[in-house]
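Presented below, as C-alpha coordinates, is a lone chain in the form predicted on its own.
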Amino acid sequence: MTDAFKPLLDNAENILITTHKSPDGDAIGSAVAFSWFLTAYGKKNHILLPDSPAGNLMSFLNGMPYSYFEDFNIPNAEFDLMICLDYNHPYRVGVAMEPIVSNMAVSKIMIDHHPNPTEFCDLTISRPEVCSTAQLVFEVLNECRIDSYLNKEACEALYLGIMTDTGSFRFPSVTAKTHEVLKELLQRGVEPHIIHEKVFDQNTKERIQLRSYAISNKFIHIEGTPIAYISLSQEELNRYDYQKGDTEGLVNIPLSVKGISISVFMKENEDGKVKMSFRSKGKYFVNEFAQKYFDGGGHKYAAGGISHDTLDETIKKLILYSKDLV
(Lines give C-alpha, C1' and ligand atoms only; values in the text may rest on other atoms or scores of the structure.)
Protein backbone atom coordinates (compact mmCIF):
# COMPACT_ATOMS: atom_id res chain seq x y z
CA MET A 1 0.00 0.00 0.00
CA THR A 2 2.83 2.40 0.78
CA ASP A 3 4.31 1.78 -2.70
CA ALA A 4 1.88 4.34 -4.10
CA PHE A 5 2.57 6.88 -1.37
CA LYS A 6 5.92 8.28 -2.45
CA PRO A 7 4.96 8.84 -6.14
CA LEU A 8 1.90 10.84 -5.07
CA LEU A 9 4.06 12.84 -2.70
CA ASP A 10 6.83 13.43 -5.22
CA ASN A 11 4.40 14.68 -7.87
CA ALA A 12 2.89 17.30 -5.56
CA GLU A 13 4.23 20.78 -4.90
CA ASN A 14 1.77 22.32 -2.43
CA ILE A 15 0.11 20.01 0.08
CA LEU A 16 -2.87 20.59 2.36
CA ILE A 17 -2.74 18.70 5.65
CA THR A 18 -6.12 18.08 7.33
CA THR A 19 -7.29 16.39 10.50
CA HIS A 20 -10.49 15.91 12.47
CA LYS A 21 -12.69 18.28 14.46
CA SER A 22 -11.69 18.93 18.07
CA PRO A 23 -8.14 17.79 17.30
CA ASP A 24 -6.52 15.78 20.07
CA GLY A 25 -2.85 15.07 20.69
CA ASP A 26 -2.63 12.43 17.99
CA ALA A 27 -4.26 14.70 15.41
CA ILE A 28 -2.06 17.69 16.25
CA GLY A 29 1.07 15.58 16.62
CA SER A 30 0.55 13.82 13.28
CA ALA A 31 -0.27 17.04 11.42
CA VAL A 32 2.62 19.04 12.89
CA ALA A 33 5.10 16.21 12.30
CA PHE A 34 3.94 15.82 8.71
CA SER A 35 4.31 19.55 8.11
CA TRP A 36 7.88 19.56 9.43
CA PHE A 37 8.62 16.52 7.27
CA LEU A 38 7.19 18.10 4.11
CA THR A 39 9.13 21.31 4.63
CA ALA A 40 12.37 19.32 4.96
CA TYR A 41 11.35 17.28 1.92
CA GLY A 42 11.05 20.46 -0.14
CA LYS A 43 7.26 20.72 -0.35
CA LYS A 44 5.08 23.71 0.40
CA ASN A 45 2.37 22.80 2.89
CA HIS A 46 -0.39 24.16 5.09
CA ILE A 47 -2.27 22.63 8.04
CA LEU A 48 -6.03 23.20 7.99
CA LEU A 49 -7.81 22.57 11.31
CA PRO A 50 -11.61 22.49 11.71
CA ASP A 51 -11.25 24.25 15.08
CA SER A 52 -8.75 24.85 17.83
CA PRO A 53 -7.24 22.13 20.00
CA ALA A 54 -7.04 22.25 23.77
CA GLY A 55 -4.76 24.94 25.16
CA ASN A 56 -2.09 22.48 26.29
CA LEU A 57 -1.51 21.49 22.64
CA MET A 58 -1.21 25.01 21.23
CA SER A 59 2.55 25.29 21.78
CA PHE A 60 3.15 22.54 19.21
CA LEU A 61 1.58 24.78 16.56
CA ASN A 62 3.93 27.68 17.23
CA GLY A 63 5.63 28.71 14.01
CA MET A 64 3.68 26.22 11.90
CA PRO A 65 1.85 27.14 8.67
CA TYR A 66 -1.69 26.55 9.91
CA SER A 67 -5.13 28.10 10.03
CA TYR A 68 -8.58 27.27 11.33
CA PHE A 69 -11.29 26.59 8.81
CA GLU A 70 -13.19 29.79 9.59
CA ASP A 71 -10.07 31.85 8.76
CA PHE A 72 -8.94 29.79 5.75
CA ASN A 73 -8.55 32.02 2.69
CA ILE A 74 -6.05 30.20 0.49
CA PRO A 75 -7.60 29.32 -2.91
CA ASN A 76 -8.21 25.58 -3.22
CA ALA A 77 -6.55 25.61 -6.64
CA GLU A 78 -3.17 26.28 -5.04
CA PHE A 79 -3.05 22.74 -3.61
CA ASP A 80 -2.34 19.59 -5.57
CA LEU A 81 -2.50 16.98 -2.80
CA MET A 82 -4.44 16.54 0.45
CA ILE A 83 -3.25 14.49 3.40
CA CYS A 84 -6.06 13.24 5.68
CA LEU A 85 -4.65 12.38 9.09
CA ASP A 86 -6.33 10.61 12.00
CA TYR A 87 -9.81 10.40 10.46
CA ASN A 88 -11.47 7.91 8.14
CA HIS A 89 -14.62 9.69 6.97
CA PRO A 90 -15.14 13.27 5.72
CA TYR A 91 -17.80 13.99 8.36
CA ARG A 92 -15.11 13.75 11.07
CA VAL A 93 -13.86 17.21 10.09
CA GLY A 94 -17.25 18.75 10.88
CA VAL A 95 -20.16 19.94 8.79
CA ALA A 96 -18.55 23.25 7.82
CA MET A 97 -15.24 21.83 6.58
CA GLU A 98 -16.54 18.59 5.08
CA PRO A 99 -17.18 20.09 1.59
CA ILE A 100 -13.48 20.97 1.28
CA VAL A 101 -12.41 17.43 2.10
CA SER A 102 -15.07 15.87 -0.14
CA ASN A 103 -14.97 18.24 -3.10
CA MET A 104 -11.43 19.58 -3.48
CA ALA A 105 -10.28 18.27 -6.86
CA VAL A 106 -6.88 16.92 -5.82
CA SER A 107 -5.44 13.53 -5.00
CA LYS A 108 -6.02 12.55 -1.38
CA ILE A 109 -4.07 10.27 0.95
CA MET A 110 -5.55 8.92 4.18
CA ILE A 111 -3.23 7.87 6.99
CA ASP A 112 -5.32 6.64 9.90
CA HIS A 113 -5.68 3.92 12.54
CA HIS A 114 -9.44 3.89 13.14
CA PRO A 115 -11.43 0.81 12.02
CA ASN A 116 -13.81 0.68 9.06
CA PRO A 117 -12.44 3.46 6.84
CA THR A 118 -14.62 5.04 4.17
CA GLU A 119 -13.16 5.00 0.66
CA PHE A 120 -12.97 8.73 -0.07
CA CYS A 121 -9.23 8.98 -0.76
CA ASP A 122 -7.13 7.94 -3.75
CA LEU A 123 -4.79 6.13 -1.37
CA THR A 124 -5.96 4.71 1.95
CA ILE A 125 -3.32 3.65 4.46
CA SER A 126 -5.39 2.25 7.30
CA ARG A 127 -3.95 0.10 10.09
CA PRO A 128 -6.36 -0.22 13.03
CA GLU A 129 -3.86 -2.43 14.83
CA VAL A 130 -1.46 0.51 15.21
CA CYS A 131 -1.82 2.44 18.46
CA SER A 132 -1.87 5.93 16.94
CA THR A 133 -1.81 7.78 13.65
CA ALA A 134 1.47 9.35 14.79
CA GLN A 135 3.12 5.92 14.94
CA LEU A 136 1.62 5.08 11.56
CA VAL A 137 3.06 8.27 10.03
CA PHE A 138 6.50 7.18 11.20
CA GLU A 139 5.98 3.67 9.85
CA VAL A 140 4.90 4.94 6.43
CA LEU A 141 7.87 7.30 6.09
CA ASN A 142 10.21 4.61 7.35
CA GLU A 143 8.89 2.03 4.89
CA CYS A 144 9.39 4.55 2.08
CA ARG A 145 12.91 5.23 3.39
CA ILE A 146 12.30 8.94 3.77
CA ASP A 147 12.04 9.14 7.58
CA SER A 148 15.47 10.80 7.64
CA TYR A 149 13.62 14.03 6.82
CA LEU A 150 12.01 13.97 10.28
CA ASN A 151 13.81 16.62 12.33
CA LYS A 152 13.75 16.92 16.12
CA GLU A 153 10.57 19.03 16.10
CA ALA A 154 8.78 16.47 13.94
CA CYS A 155 9.87 13.67 16.25
CA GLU A 156 8.61 15.61 19.27
CA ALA A 157 5.22 15.95 17.58
CA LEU A 158 5.12 12.21 16.82
CA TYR A 159 5.98 11.46 20.45
CA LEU A 160 3.11 13.72 21.51
CA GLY A 161 0.69 11.78 19.30
CA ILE A 162 1.79 8.37 20.51
CA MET A 163 1.91 9.41 24.18
CA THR A 164 -1.56 10.93 24.26
CA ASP A 165 -3.33 8.26 22.20
CA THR A 166 -1.98 5.45 24.34
CA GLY A 167 -2.68 6.99 27.75
CA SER A 168 1.06 7.45 28.28
CA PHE A 169 1.77 3.99 26.83
CA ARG A 170 -0.56 2.00 29.10
CA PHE A 171 -3.31 0.96 26.66
CA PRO A 172 -3.41 -2.55 25.12
CA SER A 173 -2.75 -1.02 21.69
CA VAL A 174 0.90 -0.47 22.66
CA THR A 175 3.15 -3.10 21.08
CA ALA A 176 6.83 -3.89 20.77
CA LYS A 177 6.74 -1.92 17.50
CA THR A 178 5.51 1.13 19.43
CA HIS A 179 8.54 0.99 21.69
CA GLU A 180 10.83 0.54 18.68
CA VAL A 181 9.41 3.73 17.19
CA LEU A 182 9.75 5.53 20.53
CA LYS A 183 13.39 4.43 20.68
CA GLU A 184 13.95 5.97 17.24
CA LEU A 185 12.34 9.23 18.33
CA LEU A 186 14.46 9.46 21.48
CA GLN A 187 17.61 8.75 19.49
CA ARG A 188 16.69 11.73 17.30
CA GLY A 189 16.63 14.13 20.21
CA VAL A 190 13.20 13.86 21.84
CA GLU A 191 13.25 14.50 25.60
CA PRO A 192 10.12 12.77 26.96
CA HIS A 193 9.86 14.81 30.16
CA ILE A 194 9.59 18.04 28.16
CA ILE A 195 6.68 16.71 26.08
CA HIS A 196 4.98 15.44 29.23
CA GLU A 197 5.34 18.81 30.95
CA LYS A 198 3.91 20.67 27.94
CA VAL A 199 0.84 18.44 27.89
CA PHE A 200 0.12 17.50 31.49
CA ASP A 201 1.62 20.28 33.61
CA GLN A 202 -0.46 23.15 32.26
CA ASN A 203 -3.28 23.14 34.81
CA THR A 204 -5.24 26.12 36.05
CA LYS A 205 -6.85 26.34 39.48
CA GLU A 206 -10.30 26.11 37.84
CA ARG A 207 -9.32 22.99 35.88
CA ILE A 208 -8.17 21.22 39.05
CA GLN A 209 -11.33 22.27 40.86
CA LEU A 210 -13.56 21.03 38.02
CA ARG A 211 -11.84 17.67 37.90
CA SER A 212 -11.95 17.34 41.69
CA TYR A 213 -15.67 18.15 41.68
CA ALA A 214 -16.33 15.64 38.88
CA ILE A 215 -14.51 12.83 40.66
CA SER A 216 -15.88 13.59 44.11
CA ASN A 217 -19.49 14.33 43.19
CA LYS A 218 -20.28 12.92 39.73
CA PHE A 219 -18.57 9.52 39.81
CA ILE A 220 -21.43 7.01 39.64
CA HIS A 221 -21.11 3.23 39.70
CA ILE A 222 -23.99 1.39 38.01
CA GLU A 223 -24.84 -1.13 40.72
CA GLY A 224 -24.29 -4.77 39.83
CA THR A 225 -22.10 -3.96 36.82
CA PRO A 226 -18.44 -3.15 36.15
CA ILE A 227 -19.59 0.18 34.65
CA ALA A 228 -19.09 3.67 36.04
CA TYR A 229 -19.79 7.07 34.54
CA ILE A 230 -19.08 10.75 35.12
CA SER A 231 -21.37 13.42 33.70
CA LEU A 232 -21.08 17.20 33.61
CA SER A 233 -23.76 19.68 32.64
CA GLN A 234 -23.20 23.08 31.05
CA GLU A 235 -24.03 24.73 34.36
CA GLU A 236 -21.36 22.70 36.13
CA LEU A 237 -18.81 23.42 33.40
CA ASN A 238 -19.54 27.14 33.54
CA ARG A 239 -19.27 27.11 37.31
CA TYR A 240 -15.60 26.22 36.98
CA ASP A 241 -14.88 28.41 33.94
CA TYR A 242 -14.49 25.40 31.65
CA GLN A 243 -11.88 25.69 28.89
CA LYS A 244 -11.39 23.28 26.03
CA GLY A 245 -9.35 20.31 27.24
CA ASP A 246 -10.16 20.68 30.95
CA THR A 247 -11.96 17.33 31.05
CA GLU A 248 -9.38 15.47 28.94
CA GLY A 249 -8.59 12.11 30.54
CA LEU A 250 -11.45 12.16 33.06
CA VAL A 251 -12.96 9.12 31.34
CA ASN A 252 -9.92 7.06 32.36
CA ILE A 253 -10.26 7.77 36.09
CA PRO A 254 -12.99 5.17 36.88
CA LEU A 255 -10.91 2.44 35.22
CA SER A 256 -8.34 2.84 37.99
CA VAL A 257 -10.93 1.73 40.56
CA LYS A 258 -10.98 -1.95 41.47
CA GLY A 259 -13.99 -3.68 39.93
CA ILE A 260 -14.57 -1.06 37.20
CA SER A 261 -13.84 -2.24 33.66
CA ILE A 262 -16.00 0.16 31.63
CA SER A 263 -16.05 3.93 31.98
CA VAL A 264 -18.24 6.53 30.29
CA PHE A 265 -17.79 10.29 30.41
CA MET A 266 -20.64 12.57 29.30
CA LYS A 267 -20.35 16.31 28.76
CA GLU A 268 -23.25 18.55 27.82
CA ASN A 269 -22.36 20.86 24.93
CA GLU A 270 -23.62 24.40 24.45
CA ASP A 271 -25.91 23.18 21.66
CA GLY A 272 -27.64 20.79 24.07
CA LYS A 273 -26.09 17.63 22.63
CA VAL A 274 -24.12 15.34 24.90
CA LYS A 275 -20.61 14.35 23.90
CA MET A 276 -19.68 10.88 25.13
CA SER A 277 -16.39 9.05 25.65
CA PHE A 278 -16.14 5.33 26.33
CA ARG A 279 -13.17 3.40 27.72
CA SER A 280 -12.82 -0.23 28.75
CA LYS A 281 -10.34 -2.95 29.56
CA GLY A 282 -10.08 -6.71 29.71
CA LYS A 283 -12.86 -8.65 28.00
CA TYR A 284 -15.14 -5.63 27.53
CA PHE A 285 -15.33 -3.71 24.23
CA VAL A 286 -17.11 -0.39 23.75
CA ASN A 287 -16.93 0.51 20.04
CA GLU A 288 -19.97 -1.46 18.87
CA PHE A 289 -22.03 -0.23 21.84
CA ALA A 290 -21.16 3.39 21.04
CA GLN A 291 -22.06 2.84 17.40
CA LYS A 292 -25.34 1.06 18.11
CA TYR A 293 -26.81 3.46 20.67
CA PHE A 294 -24.95 6.77 20.47
CA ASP A 295 -24.02 7.51 16.83
CA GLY A 296 -20.39 6.76 17.59
CA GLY A 297 -17.66 4.23 17.16
CA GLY A 298 -13.92 3.83 17.49
CA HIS A 299 -11.58 1.22 18.87
CA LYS A 300 -12.45 -1.78 21.01
CA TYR A 301 -11.25 -0.15 24.21
CA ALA A 302 -11.72 3.51 23.31
CA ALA A 303 -14.69 5.01 21.50
CA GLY A 304 -16.75 8.15 21.24
CA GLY A 305 -20.37 9.01 20.66
CA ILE A 306 -22.99 11.73 20.70
CA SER A 307 -26.46 11.89 22.21
CA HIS A 308 -29.17 14.22 20.95
CA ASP A 309 -31.16 13.77 24.17
CA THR A 310 -30.78 15.79 27.35
CA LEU A 311 -28.03 14.83 29.76
CA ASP A 312 -30.52 13.22 32.16
CA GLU A 313 -32.15 11.25 29.35
CA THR A 314 -28.75 10.17 28.08
CA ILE A 315 -27.82 8.82 31.49
CA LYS A 316 -31.10 6.89 31.66
CA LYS A 317 -30.38 5.42 28.21
CA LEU A 318 -26.88 4.42 29.24
CA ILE A 319 -28.19 2.62 32.32
CA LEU A 320 -30.97 0.96 30.32
CA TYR A 321 -28.68 -0.30 27.57
CA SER A 322 -25.74 -1.12 29.86
CA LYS A 323 -26.75 -4.78 29.88
CA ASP A 324 -25.47 -4.94 26.27
CA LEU A 325 -21.99 -4.02 27.52
CA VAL A 326 -21.78 -6.83 30.04
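One rule holds for the numbers: they count along the sequence shown, beginning at 1. Small disclaimer: the values here were computed from a predicted structure and weren't measured.
If you look for the form predicted in complex with a small molecule, you will not find it shown, but the lines that follow are about it.
- Here the chain stands by itself, but in the predicted bound form one stretch of 42-50, 253-261, 56-64, 276-284, 276-284, has heavy atoms within 4.5 Å of the small molecule.
- Scanning 91, 72, 213, 120 against the small molecule in the predicted bound form with a 4.5 Å heavy atom cut-off leaves one residue, 91.
- Within this chain, residue 114 lines the site of the small molecule in the predicted bound form, having a heavy atom no more than 4.5 Å away.
- Using a 4.5 angstroms limit between non-hydrogen atoms, residue 23 is distant from the small molecule in the predicted bound form.
- At the 4.5 Å threshold, heavy atoms of residue 302 reach the small molecule in the predicted bound form.
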